[in-house]
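Here you get one chain, nothing else, as structure tokens; it is the form predicted alone.
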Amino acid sequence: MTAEPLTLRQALLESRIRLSSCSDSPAIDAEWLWSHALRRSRVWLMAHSEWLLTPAEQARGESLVSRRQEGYSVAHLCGECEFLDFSVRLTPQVLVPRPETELLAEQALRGLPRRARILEWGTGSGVLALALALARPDCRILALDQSRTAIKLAQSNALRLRLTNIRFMQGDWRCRWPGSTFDLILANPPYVALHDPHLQSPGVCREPRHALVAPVRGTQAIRILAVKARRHVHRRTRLLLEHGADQGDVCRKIVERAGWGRSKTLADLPGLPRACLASH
């Protein structure tokens, strides 16, 4: 006996129930997933709650909900996410941009000189470089990542936004940086310790490990970047690094031991230490 087709209202309700055990926002998640499955906007969903799903539509939507229950993020499943006032495409090989990463973009733009030269390490989908390039078309940005897949994705996002003031290059923590000095060096490096229990939490367990985990209790990438960046400074160069909420003090010590003159910890909206800003 063939089951009766579900209405969109029924599908959304069932999905919210299924996602309530793995998401803090099951209703919103359900709307995004079904919007993606039906290739319609969320506004369309609200206006067509009695839409009868075809078997193919129902299968697509339920498959997405099941994968969300397995720990995949909505952004990865839908293949895109919003960052500040623009959207980017994503793949499972790059991190989903976090709200705390917006802090880096906002801080980076403060006091940025005209025609600034900027280096970003670990660009991933490119959101930080894209945000700076959109806000300051006069600046020239070099964005690096160790992943060839990430670089190709970031390039495609820049192309979609018609940005021409970013140069993308593949390279790991130890690669040689082209250019003599930069006005700003920023990074959202791997800073999670190998056995940190947060790696098993929903929304994190399916993220790419190479972009999250660093040796020496999560600080190795920060140490390398702090030292390496010192070779590319002039007297007004700033260094801006995202770090874990419990790494504020240790990150400041690392950058100061690397030779940076002054540093301070920046807090996110909930008041947690999230970034270190240092100057030459």
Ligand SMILES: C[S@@+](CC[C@H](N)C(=O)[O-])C[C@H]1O[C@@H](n2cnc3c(N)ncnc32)[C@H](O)[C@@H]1O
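The structure presented is a predicted model; accordingly, all values stated were derived computationally and were not measured. One-based numbering along the sequence shown.
Although not depicted, the form predicted in complex with the named molecule is the subject of the following passage.
Looking at H210, you'd find a heavy atom of it within 4.5 angstroms of the named molecule in the predicted bound form.
When contacts are judged by a 4.5 Å heavy atom cut-off, W121 counts as touching the named molecule in the predicted bound form. Residue contact check for A154: none of its heavy atoms lie within 4.5 Å of the named molecule in the predicted bound form. Taking non-hydrogen atoms only, Q107 never approaches the named molecule to within 4.5 angstroms in the predicted bound form. The candidate spot formed by I185, G248 and S263 lies out of contact with the named molecule in the predicted bound form, as no residue has a heavy atom within 4.5 Å of it. The stretch that touches the named molecule in the predicted bound form, counting heavy atoms within 4.5 Å, is 97-105, out of 132-140, 97-105, 110-118, 158-166. Taking the named molecule as it sits in the predicted bound form, the stretch 127-156 comes within 4.5 angstroms of it through a non-hydrogen atom at V127, L128, D145, Q146, S147.
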